[in-house]
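Same chain, two versions here, written out as structure tokens and called structure 1 and structure 2.
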Structure 1
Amino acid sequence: MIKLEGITKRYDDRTLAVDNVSLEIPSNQLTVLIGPSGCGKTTTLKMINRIISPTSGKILIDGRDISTVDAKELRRGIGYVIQNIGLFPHMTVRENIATVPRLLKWEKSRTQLRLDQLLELVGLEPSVFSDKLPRELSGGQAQRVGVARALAADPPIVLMDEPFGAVDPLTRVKLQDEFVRIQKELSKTIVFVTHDIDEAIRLADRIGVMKDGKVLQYDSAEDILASPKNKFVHDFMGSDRALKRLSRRSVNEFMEQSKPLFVSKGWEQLKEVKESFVWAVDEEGKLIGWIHVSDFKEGKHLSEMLTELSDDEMLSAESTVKEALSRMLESGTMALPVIGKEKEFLGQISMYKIQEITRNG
């Protein structure tokens, strides 16, 4: 755990960049510091690895006051992705990533092994990228190398200052998704600075909202979205706060059970249906469409009443509730089916249920 106790930073020119901040940053979670430009995010982050020393207050890592530890030792144990990446222009990708292992005097073979591992982890093919220079990389590739460099010596703590700042929105979402996967695998203690609220919501376990050097609210991402403490936080979360909350919930959690109809079997199944419609599957349980109960006429085969569904009208269990809502609005229905990897029918999610979520939190 990283604990900030009454941290204040006043620069030499009297700028009060950080004002009496106290935070407990839990281990193995991703904590986002967010706020408008100039609110003191970078300053706060840089005090954790002692690039900047606080004017007053102290910082403890696992109970140890960091000002009592040798700064170089401290830093070698904390991964760091600086704002604007800061790759060494005269070193290859390989040499850049090997910086901390080299400082820690790792054996060549160990470093080598680790390098390939890391490049794979961040999605760069080692044989292609190892010997490239930073100037031969695209923005997104450079960001990946920056992340790999920070993770090189497998530090328990990683500080990241707008690591995906300088890339186009599409690449950014891709990098974020990959990063979520990496964090799931590694469970590092990450302090992540950004001013992009969507990024924060996509990645954060906890969020600290900063303004003018102060932390206005520090809570789990869900709680901040559900109950912003004041107008600034409320406005900062945006007018689509409800949608943002839905983007953090997966369909999985709110799926309702529903018994599907086997199209190949007899019409007697319809007797048990209480709703006005029912999802229809083939003999293997794979979803194929739905049937309006009122369309039923004696003697008609079930397959004749079937309305088929396009892929856009089926949700995977991992999709977010926000996505589900968007699909419903698109197809103009009040409910959508949820399917597994093999298209097997799992259940359904309905507009009614979503309203319930947004109302109750």
Structure 2
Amino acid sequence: MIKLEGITKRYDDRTLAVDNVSLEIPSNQLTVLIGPSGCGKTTTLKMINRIISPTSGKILIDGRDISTVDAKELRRGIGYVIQNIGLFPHMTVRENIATVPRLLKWEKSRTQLRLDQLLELVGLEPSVFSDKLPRELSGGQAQRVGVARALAADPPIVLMDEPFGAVDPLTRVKLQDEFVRIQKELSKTIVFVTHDIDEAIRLADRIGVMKDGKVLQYDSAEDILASPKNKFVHDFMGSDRALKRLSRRSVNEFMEQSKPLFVSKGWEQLKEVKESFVWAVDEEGKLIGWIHVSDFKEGKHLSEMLTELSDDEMLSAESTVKEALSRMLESGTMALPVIGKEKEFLGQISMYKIQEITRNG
């Protein structure tokens, strides 16, 4: 656990950047600090690894006052990711990631194994990317390398300062999804700074909303959305809080069972369908489209009645309910299918189910 006790930072020009902040940041969870520019969130983050020293107050990591720890030793046990990545331009991807293991004098074989594991973890093929220089990477690829470098020595704590802010919106969403997967696998203690509310809600276990150096509310993402404590938090979180809450819910939680139709088995199955349409699968149970019951004509092959689906009309079990709603509105449909990794049909989520979710909170 990271514990901040009355932390204040006042600069020589009397600027008060952080004002008497006290927080308990749980282990193995992702805590987001969010607020407008100049609210003190990045200063607070940098005090955790002593890039900036507090004017007063204490920071403890697992009960140990960090002011009593050698700064280099402290930082080698804390991963750090920043918006502009900060990769060393003259070093290859492999050399960049190996920075901290090299300082810790790891054996080459151990370092090599760790590098390959990390590149695969962040979705970069080691044989393709290991020897590239930073200038040969896209923004999203470079950011992935930055995350891998922060995780290289397997630190228990990772600090992230606007890590995805410099990439385009599409890449940013992909990086967020990848990071959610990584955090589920690794369960690190992460302190994450952002000014993006949707990003905070998508990623955080807990959120600290800051303004003028103070933490105005520190709660779970669900509690902040449901019960903002004051007008600033209410306005900052936005008027579409009900929709934002849907980004915290996965399709898997609310998936409905739906019996698919096997196209290869003939039209006799279709006679038993009571709904207006049915999802269609191949012999292996993989989704291939849907069939409208009104198109049924005896003797007509089911493949002739099939409407194929684009990738945008299919959801994974990990997709958010907000994403499901957005895709339904775009496609004009009342339900979307849910598929597994091998495109096997798992079930569906409907507009009616989403309405039920929003009504019941």
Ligand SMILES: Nc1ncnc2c1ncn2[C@@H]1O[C@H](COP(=O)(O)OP(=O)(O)OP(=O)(O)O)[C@@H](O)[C@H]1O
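Computed from a predicted structure; not experimentally measured. Sequence positions of structure 1, starting at 1, serve as the residue numbers. C-alpha atoms forming the largest set that superposes within 1.5 Å between two forms make up the rigid core.
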Matching structure (the form predicted in complex with the named molecule), either 1 or 2: 1
Where one rigid part turns on another between structures 1 and 2: hinge among 100, 45, 162, 241: 241
Hinge rotation between structures 1 and 2 - smaller rigid part turning relative to the larger, in degrees: 23
Per-residue CA shift, residue 250 (Å; core superposed between structures 1 and 2): 3.3
